[in-house]
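The form predicted on its own is given below as one chain in structure tokens.
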């Protein structure tokens, strides 16, 4: 692990980004999409086709802000998981220093997301109460592969969609820049999470893998289901009941999620964390 941590520290020293200086936070924000339209929870539904282009853009801006806020929520959990894990490790070790570097990255990302959502829409979003309370419990008790694989799930799901948004000229430039910074730095975090997951599972028995796999899948369900809630449709001025109903039945969006998580599912399967029970949860969530 120290060799991986040394490599990641070197990468961070060369490629770390500073949103405070790279983004002109006083620049006017235009009327671009908040995400690639194809990633909207309603894209591909009859309701989407009935919306004007202005309504579609407004919806994606609220969806993007809500998704970013979910990212902040889980980054706060991630930081606490990592701090607990390295609490009594040698401060001189590359692993310890990389962990603090990752936490510093996440602090910058959370501030960046918060400032970007403020510029994008007026309402402030956050995950529903149940998710917040389950997250409070998870960050307190999760350890080992359960912690690091859950971190990987959150990072992988956001990574693929944000790679699409940052390349899309229809998306508001502020959002594209924010996503580009996040994608570049999260690539290092995902390498670390994969290595930690493999290492923690070395010698783990079947029972432990079964429990860990289910907990990770439930965490994934909480993360994905928290990205866009009812209040997004309320604030976008839509028929909320219809929007929620059609979003839940939207096979296009579920197909995008499955495609984006293909490599993640392959990895979980390779380390014994894609059990039948966990797979059922992932299918319900739309990740498998």
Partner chain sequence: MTFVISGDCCSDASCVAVCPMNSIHPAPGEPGFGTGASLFVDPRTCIDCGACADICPVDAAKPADRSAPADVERNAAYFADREPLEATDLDTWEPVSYQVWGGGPRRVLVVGAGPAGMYATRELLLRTTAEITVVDRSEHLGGLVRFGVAPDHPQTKQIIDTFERLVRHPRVHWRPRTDAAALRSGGGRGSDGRGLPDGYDAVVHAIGARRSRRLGIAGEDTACTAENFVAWYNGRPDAPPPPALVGPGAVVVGNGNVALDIARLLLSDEEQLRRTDLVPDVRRTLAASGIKKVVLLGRRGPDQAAYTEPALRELLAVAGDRVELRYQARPTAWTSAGLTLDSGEVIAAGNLFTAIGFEGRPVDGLPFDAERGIVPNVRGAVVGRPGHYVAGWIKRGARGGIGVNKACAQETVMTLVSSSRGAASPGS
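The structure displayed is predicted, hence computed values, not measured ones. Residue numbers count along the first chain shown, from 1.
What comes next is about the form predicted in complex with the partner chain, which is not displayed.
Candidate from 111, 183, 104, 76 lying within 4.5 Å of the partner chain in the model of the complex - any heavy atom: Going through each option in turn, the one that passes is 183.
Name the single residue among 231, 246, 239, 38 that comes within 4.5 Å of the partner chain in the model of the complex, judging by heavy atoms. Contact residue from the list: 38.
Could you tell me if all three of 5, 143 and 218 have a heavy atom no more than 4.5 Å from the partner chain in the model of the complex? Judged in the model of the complex, none of 5, 143 and 218 sits within 4.5 Å of the partner chain.
Choose one stretch from 222 to 230, 253 to 261, 23 to 31, 56 to 64: the one whose residues place a heavy atom within 4.5 angstroms of the partner chain in the model of the complex. One stretch meets the cut-off, namely 253 to 261.
Look up in the model of the complex whether residue 166 has a non-hydrogen atom within 4.5 angstroms of the partner chain, and give yes or no. Although the partner chain is absent here, residue 166 would touch it in the model of the complex, with heavy atoms inside 4.5 Å.
Can you tell me if residue 288 lies within 4.5 angstroms of the partner chain in the model of the complex, counting non-hydrogen atoms only? So residue 288 counts as contacting the partner chain.
Partner contact for residue 19 in the model of the complex: the partner chain, 4.5 angstroms, heavy atom: Answer no; every heavy atom of residue 19 is more than 4.5 Å from the partner chain in the model of the complex.
Contact test in the model of the complex: residue 132 vs the partner chain, heavy atoms, 4.5 Å: Although the partner chain is absent here, residue 132 would stay clear of it in the model of the complex, with no heavy atoms inside 4.5 Å.
In sequence order, which positions of 185 to 223 have a non-hydrogen atom within 4.5 Å of the partner chain in the model of the complex? The stretch touches the partner through 187, 188, 190, 191, 194, 198.
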